[in-house]
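Included below are structure tokens for two forms of one protein chain, each presented in isolation as structure 1 and structure 2.
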Structure 1
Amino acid sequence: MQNDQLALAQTRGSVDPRVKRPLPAWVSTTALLLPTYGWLTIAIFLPLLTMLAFSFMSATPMGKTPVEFTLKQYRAFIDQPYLLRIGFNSLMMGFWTTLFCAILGFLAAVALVRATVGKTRETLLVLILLPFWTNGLVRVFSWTMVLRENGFLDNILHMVVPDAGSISILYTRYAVVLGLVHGYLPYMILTCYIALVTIDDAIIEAAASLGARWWTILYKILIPMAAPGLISGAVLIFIPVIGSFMEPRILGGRVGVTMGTVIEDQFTQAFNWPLGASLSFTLLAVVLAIFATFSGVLRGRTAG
């Protein structure tokens, strides 16, 4: 009975004159893909190419000054040595942020996997990841409330020690790193958690019952298992951190001068777009080099 209907439907399908001959598959595939990639071309790829072109110009092509082809924008690091120091500071800011995130995040992932189960674990994961998807600017702003002179931290301190001075660290590099760690820690917890959640409890119990101490378990089992998570977390944190500009601006004040803020200045204050473009491309080169180095690990993550 069913088969009859199926056969009927099939014949109807092929005979029915209203049914047009199907278009070749590549036509519909192209039609499905074109809007997305057309949009990305206008919004991402053409802008990056234009910026590359601008980085070889001698001046912003807006006024009357003639614009020539030049490589001088890329010599900025030699011509203006202070840029080297700023670049180094940015890398250090990325290094410390990534390191603190790695230590705190790895331990949090271990605690999640080993000390929680079921609903509690799910709730904790949601709570940890929730701030990550809220406005980063607002979270940085809230640190100024905590760190400022006579702010939350000072008040807590004065409750304990009434006549102590201020321990405000606002407008220091510590504040910048603290704000960045706060912003990116959930990333590291997530990548480490994904790597560790596959560990079979039996392995750790077996190790423990065979007399392994906790540090042996840590170095021989947990860290090697978490390594892909640690690496991809580190890459995904280091890259946005070295390009950050609002965190150093708001929490660092005068000492918060980084590659990010220098680039921002070229576009919003100094109006030197070619220099901004060449600095942006130098930063992009660093980013791409990092991705190329770790692409194997990152691909393993997305495939698994």
Structure 2
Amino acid sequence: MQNDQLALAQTRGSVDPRVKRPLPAWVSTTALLLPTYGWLTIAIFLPLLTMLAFSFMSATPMGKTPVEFTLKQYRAFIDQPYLLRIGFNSLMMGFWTTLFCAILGFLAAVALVRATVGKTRETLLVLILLPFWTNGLVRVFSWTMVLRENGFLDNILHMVVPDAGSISILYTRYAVVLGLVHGYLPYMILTCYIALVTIDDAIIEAAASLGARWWTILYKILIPMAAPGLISGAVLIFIPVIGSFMEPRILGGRVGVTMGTVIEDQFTQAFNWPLGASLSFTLLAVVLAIFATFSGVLRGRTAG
């Protein structure tokens, strides 16, 4: 009996050398994340750190002017007050673009979820994604053909009312917002669609059976439950819009001066990279402050 127990203990204590021990969990996790974070470091973090260093320089380091580290570039909004007006116009442009995208995108997402099924829904989703399949520059220039004087819109109007004047809005802020809404609307539709498609139909049916009107269902059920999609879409739209420069430059002309166009000019025309970098990081700080404020308000409402 004792011999059997001793043999069993020896068998349990022995380890087959041919059996490989599994790697620790942190090794496999690191191996999976390393390519992604390595690419982010090379493509995003290093350029951002380089621009951050440029923003504290007195001149572009590639030139012949002696370079000194200074905070002068961050005083641009004090030394050049017109930048405050341009910055405010950029924020308002982002606000109106995001607002129109939220209204149109949410209604379009509701229509997709509630009024379509099967292949019809899939076809409409493909049509929504079509703008992403064409070059952005082509899309913007196509709007100039529509909005300019004697353009497509004017020709349609004159076919209906021959004596009507021109309704050209090209080179106005309305044209800029219109072009931006066209370019960024799919983001809002898709984020709202993803949020709405997860809502159980039984909730809507129960509200309707209890006598709730359609506007009550919209404001009391759909909008609150789709709030994550609306917020995600707003973030995806607002941040790139306030820094956009292609649509304001092409559709806005002289009135299309925004922080995006000013920053672009500093890098491509004035060759003042430190000022362009400082304006970029100042704009980034303002955007982060805005979203930090609104996220705090939203968390407070959720907790309440």
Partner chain sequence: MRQLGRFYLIAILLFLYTPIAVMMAMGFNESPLYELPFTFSTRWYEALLSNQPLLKAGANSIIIALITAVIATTLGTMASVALSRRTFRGKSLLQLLLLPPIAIPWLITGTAMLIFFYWSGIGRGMHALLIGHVALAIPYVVLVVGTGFKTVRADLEEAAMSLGSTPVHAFFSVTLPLLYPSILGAALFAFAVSLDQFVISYFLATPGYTTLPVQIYSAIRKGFTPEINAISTLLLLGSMAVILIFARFAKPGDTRDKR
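Because the structure is predicted, anything quoted here is derived from the model rather than measured. Structure 1's sequence is the ruler for residue numbers, which start at 1. Just so we're on the same page, rigid core means the largest C-alpha set that superposes within 1.5 Å between forms.
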query: Displayed copy of the chain that is the form predicted together with its partner chain; finding: 1
query: Rotation (degrees) of the smaller of two rigid parts between the two structures, from C-alpha fits; finding: 11
query: Inter-form CA displacement between the two structures at Ser28 - rigid core frame, Å; finding: 8.5
